[in-house]
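What follows is a single chain, given as structure tokens, in the form predicted on its own.
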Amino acid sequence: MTPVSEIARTQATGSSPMLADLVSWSSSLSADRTFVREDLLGSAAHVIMLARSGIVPPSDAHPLRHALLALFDDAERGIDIAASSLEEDIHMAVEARLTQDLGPVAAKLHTARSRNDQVALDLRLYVRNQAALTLRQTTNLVVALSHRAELEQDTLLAAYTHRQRAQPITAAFLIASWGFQLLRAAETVAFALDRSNELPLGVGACSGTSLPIDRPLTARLLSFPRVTGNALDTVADRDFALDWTWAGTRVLLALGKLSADLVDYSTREFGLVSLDGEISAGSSMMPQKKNPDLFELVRAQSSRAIGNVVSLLTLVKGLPSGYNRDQQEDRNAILSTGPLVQGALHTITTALPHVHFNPAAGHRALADGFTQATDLAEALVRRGIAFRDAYRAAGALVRLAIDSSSALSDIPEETAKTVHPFFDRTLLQSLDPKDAARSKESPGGTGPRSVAAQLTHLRNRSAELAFLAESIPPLATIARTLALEPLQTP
């Protein structure tokens, strides 16, 4: 049988078909197989719309829908329905299969559509599902972090700026900081999901169609809340793909920061956390090593996600209006982002219960009192001293301790009073790391009430975003809806 792609190339113009090796080189079928299910459902919805609009008789639409949904069931079971196809893309492969199975009636399927709007639909359906899955995983991890934080409210450690000990915090506060960055990433994923959630099908090759199609009906069948607004823009639009790859990158960047902290904190130099053997890797040469390989790999994978963003940006830069075959090169960036991000999310979610904080090491890092110098200055402010004067007084006491090779917390009250008369026993109590961490109840601070409010926010906002993810129906649910949809106006 003559491949449909040859018919598409030659019937209108009478030209000879493209050389076989060039067709093979330019084919997108290998990558397109990833979204064969989306293509089949898009075609099923399209043929229902054609029947309901009076463009294709229900008697022709019925076998087309039945065959498309049967092929969808095969694809759901892992059967490659295009295994022996000679076509250049999945759209022609499906049409060739229908022509083989149904005969001439298959020629009616492509009415009022182009491969330009068809691929836009497939990619949007794919991105929408991948974004919903990623959003669920990300919000689940944020909630898991909030629950873990509640268990670490009394675990003290130092916060670091410029990679130096800065001020006392709790492990709960640190974990909440991871949650907030992930939550922002989740909101970016939600934005990408929304941007993909428009129906492009029905805009044709570039200018719409003169046939009386019903795009809102197709949108409803595929659970899109709206249709795209301009045909010429629609077929060229890959902004939703840029939003998706950027959102995936944001998730990996957040996971990378969490991972970088755990890589550092699990070293003997820090000793703030320990890793169970179940999530550690050994050295092939050094028997004493217990390496945080999983976290290093997660940290590294943002480089691949960033590459996807840059790939798409350079692909679309300078393209003219309308569809251009350049856009076929969007596949790798779009299709690789979801598995990359979801794998990293699964790894971190699975590994975190095997990470244990070391309260003794955290206390040792704070015991000398130097990280509480700001708390000492703020104690002076509460007694009416201007902050810059209080800062200088605290700094002078720090220098005194350093010069005498003493811990700041060991400076006697009498000696401290020589630096400033307000440095009495009560004021020096601000050098206690537990009090220092608990005292910061300003919004966003490390105090227990502030942290509790942060954790509540993380859980509440995660629930809102998870609800958005759950509003996206699985492909199998859409398939069941399409199977029951009447082919004539009720």
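Residue numbers run from 1 along the displayed sequence. These figures come from a predicted structure and were not determined experimentally.
Below, we turn to the form predicted together with arginine, even though it does not appear here.
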Practice item. Choose one stretch from 185-193, 380-388, 212-220, 115-123: the one whose residues place a heavy atom within 4.5 angstroms of arginine in the predicted bound form. Key: 115-123
Practice item. Using heavy atoms only and a 4.5 Å cut-off, determine which of Asp89, Asp261, Glu198, Asp237 is in contact with arginine in the predicted bound form. Key: Asp89
**Study point:** Selected contact from Arg304, Arg331, Lys290, Arg165, since only one has a non-hydrogen atom within 4.5 angstroms of arginine in the predicted bound form
**Key:** Arg331
Check your understanding: Should Ser450 be counted as a contact of arginine in the predicted bound form, where contact means heavy atoms within 4.5 Å?
Key -> no
Exercise for review: Verify the contact flag for Arg268: yes if a non-hydrogen atom of it lies within 4.5 Å of a non-hydrogen atom of arginine in the predicted bound form, no if not.
Suggested key: no
Practice item. Would you please decide whether Phe224 lies within 4.5 angstroms of arginine in the predicted bound form, comparing each non-hydrogen atom pair? Key: no
Practice item. Consider Tyr323 of the chain shown here, and say whether it contacts arginine in the predicted bound form, taking contact as heavy atoms within 4.5 Å. Key: yes
